[in-house]
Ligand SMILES: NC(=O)c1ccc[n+]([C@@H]2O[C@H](COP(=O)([O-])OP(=O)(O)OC[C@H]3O[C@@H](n4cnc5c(N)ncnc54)[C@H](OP(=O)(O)O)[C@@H]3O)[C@@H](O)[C@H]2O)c1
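Have a look below at one chain only, the form predicted on its own, in structure tokens format.
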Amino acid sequence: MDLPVTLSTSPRRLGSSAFEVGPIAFGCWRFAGTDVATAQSKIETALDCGMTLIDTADIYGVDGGGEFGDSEELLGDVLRGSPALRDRMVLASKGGIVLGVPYNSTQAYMTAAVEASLKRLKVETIDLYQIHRPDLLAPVPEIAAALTSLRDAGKIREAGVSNHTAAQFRALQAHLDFPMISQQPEFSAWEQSPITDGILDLSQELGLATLAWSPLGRGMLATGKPGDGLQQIQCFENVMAVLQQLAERENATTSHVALAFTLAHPANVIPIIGTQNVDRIRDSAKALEVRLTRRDWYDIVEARRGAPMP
């Protein structure tokens, strides 16, 4: 019998921590570049929709034509003007990307980076701090020492990683005397590598939260338009055809179905939406109403594989 895959609307725990967040998170990659009132409206809309994990990074703002730290600075202005919002969210940020370097996760740099993030965010502690990308030159014990010192000092409450392999996660965890609570891979109906490269398996093994960035395939699954330079056009069209068919059946959009695809995996996946339009933020919550069967989910997987499951 092909039973529906259950999409829980209940709060999701971040690993072994005490933090519980909504099943969908709000991302601040394109948050910068607007006024404080508009920014506050976005945060309030996300929180009102149950998107209680707010994810940012010190590098956010650069890709939008701004400066390093702009996203954190703007979010900090929102929190300074409306401090009650801080109590409604789990605040996550990331560090370790340095323009032109490109990565630095040494203890000295990460300590300074967290201090700078706290200053921009105008808070005393960051709930979840993540190493943004692996620094292949930083000794793993030194990275662990940085996270441990920051946690002991109350600058961060919990730690995780972003864009790390399963082996890189394990290497860092081996040098920590506290458990990391999350990992943040790119995962969507288009970017399905975490299903097979051990990332989602690791989350289930260790009870981690999986914070999925770009769950709409860098916007392609929402617009139906392949990104510049995409070579696998036919494969993309096949994925979109399945998403569209399911969207019509569910009286939903392809965005809703794509988010539901990530939410359905048992690795405690929390997709991070990136839209900065308040109506679309609100609309994203409808993904929790989509009902996919096992066959539906595997249809999406097979469309991306270009072949039936073995």
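Just so it is clear, the structure is predicted and the values come from calculations on it, not from any experiment. Note that residue numbering follows the sequence shown and begins at 1.
The same protein has a further form, the form predicted in complex with the named molecule, not shown here; the description that follows concerns it.
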Should Gly219 be classed as touching the named molecule in the predicted complex when contacts are defined as heavy atoms within 4.5 Å? yes
Does the named molecule come within 4.5 Å of any heavy atom of Val257 in the predicted complex? no
So, Phe169 and the named molecule: in the predicted complex, are they within 4.5 Å at any heavy atom pair? no
Would you classify Met51 as touching the named molecule in the predicted complex, given a 4.5 Å non-hydrogen atom cut-off? no
Contact assignment for the named molecule in the predicted complex, among His265, Arg30, Arg282, Arg249, heavy atom within 4.5 Å: Arg30
Which residue among Asn163, Thr111, Thr125, Gln173 has a heavy atom within 4.5 angstroms of the named molecule in the predicted complex? Asn163
Based on heavy atom distances of at most 4.5 Å to the named molecule in the predicted complex, which listed stretch, 83-91, 103-111, 132-140, 189-197, is the contact stretch? 132-140
Within 4.5 Å of the named molecule in the predicted complex, which residues of 254-278 have a heavy atom? Give them in sequence order, or say none. Ser255, Ile272, Ile273, Gly274, Thr275, Gln276, Asn277
